[in-house]
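Take a look at this one chain, the form predicted on its own, written out in structure tokens.
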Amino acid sequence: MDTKTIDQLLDRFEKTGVVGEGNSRVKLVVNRLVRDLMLAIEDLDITPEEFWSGLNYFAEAGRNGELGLIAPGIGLEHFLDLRMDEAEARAGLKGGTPRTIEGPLYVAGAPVAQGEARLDDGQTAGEVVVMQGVVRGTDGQPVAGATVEVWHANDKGNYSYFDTTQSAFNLRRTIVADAQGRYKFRSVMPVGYSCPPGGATDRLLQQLGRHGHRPAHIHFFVSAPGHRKLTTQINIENDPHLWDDFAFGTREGLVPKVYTNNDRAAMNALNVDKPFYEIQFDFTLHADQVRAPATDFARTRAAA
């Protein structure tokens, strides 16, 4: 079927069963995607069996909550980040901490702490890590009272809420920076992990000849009145998958140095009997900009 015939077919579809104006934006997007899919079916000679197999695959992925993994796994979430980078550049925004993917594992409602927090529940295995820094604007000035939401996996690569063996909000907190824009938290060093073995994402990646591994990382939302919300994560240096992340989340500027602190007084202050890790990382937020798309947008997320 040629393009002209497909366009005539789509025109008939649009004029059939009309009962109202509908939503112009939805019509525009759906009609474009349907047209592109029809052209792909024609160009690639996709068979009915392949079509229905694909449809059933996405239905299964949706039932099992894996669409949020497939989107970063095939690069779409990273693509959206790059489009936002371009939009900000067109609006004249330069610098700032790089954004990167949110992923599907944020949970709203984490306990709020002022300035400093302990993320782990005291029962979580792993090496102790202390991370701290300052939230600033692009003018270099501290952003007093900025909100730093942080979440990460445990030593098995699992996240609380989704892993029901962990305590509520384990390794999740909302930290309100002090008057100098400073935040600090103690936690346990996360490890890298893989998408669920045998799940929809894993099976797709295998068909694409790719692995499903992520390097160790820590997620953040950083926000403040008058500033653009930042969605980002830092990755842990020396992880074998640091620059080979199946979700394309690693970006330059988001791999801070990890230091080992073996000072006895510092260990005593944390009540630990062996050296611990330290990470220093400052966040830089852009001021609100009406010419750039919003960075705080509606998205269905888990809430405890």
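Predicted, not measured: the structure shown is a model, and the values here were computed from it. Residue numbers here begin at 1 and follow the sequence given.
There is another form of the same protein, the form predicted in complex with 3-methylcatechol (MBD); it is not shown, and what comes next is about it.
For the three residues V148, R186 and F281, which mark the spot I'm curious about, does each lie within 4.5 Å of 3-methylcatechol (MBD) in the predicted complex through at least one heavy atom?
Not a single listed residue reaches 3-methylcatechol (MBD) in the predicted complex, so no.
Next on the checklist: Considering non-hydrogen atoms and a 4.5 Å limit, does 3-methylcatechol (MBD) approach F220 in the predicted complex?
Outcome noted: No - in the predicted complex, heavy atoms of F220 and 3-methylcatechol (MBD) never come within 4.5 Å of each other.
message: With the partner left out here, check for me: in the predicted complex, does some heavy atom of P190 sit within 4.5 Å of 3-methylcatechol (MBD)?
response: No, P190 sits far enough from 3-methylcatechol (MBD) in the predicted complex that none of its heavy atoms falls within 4.5 Å.
* To do: Answer with yes or no whether S160 is in contact with 3-methylcatechol (MBD) in the predicted complex, where contact means some heavy atom within 4.5 Å.
  => Looking in the predicted complex, residue contacts with 3-methylcatechol (MBD) do not include S160, since no heavy atom lies within 4.5 Å.
Note to self: Quick check on I101: any heavy atom within 4.5 Å of 3-methylcatechol (MBD) in the predicted complex?
What the structure shows: Yes, contact at 4.5 Å.
If contact means any heavy atom within 4.5 Å, which of 130-138, 211-219, 178-186, 112-120 contacts 3-methylcatechol (MBD) in the predicted complex? One stretch meets the cut-off, namely 211-219.
Checklist entry - Which residue among L105, L93, M84, A224 has a heavy atom within 4.5 angstroms of 3-methylcatechol (MBD) in the predicted complex? => result Looking at the other structure, the residue within range turns out to be L105.
In the predicted complex, residues of 240-276 near 3-methylcatechol (MBD) [heavy atom within 4.5 Å]: Residues within 4.5 Å: F246, A247.
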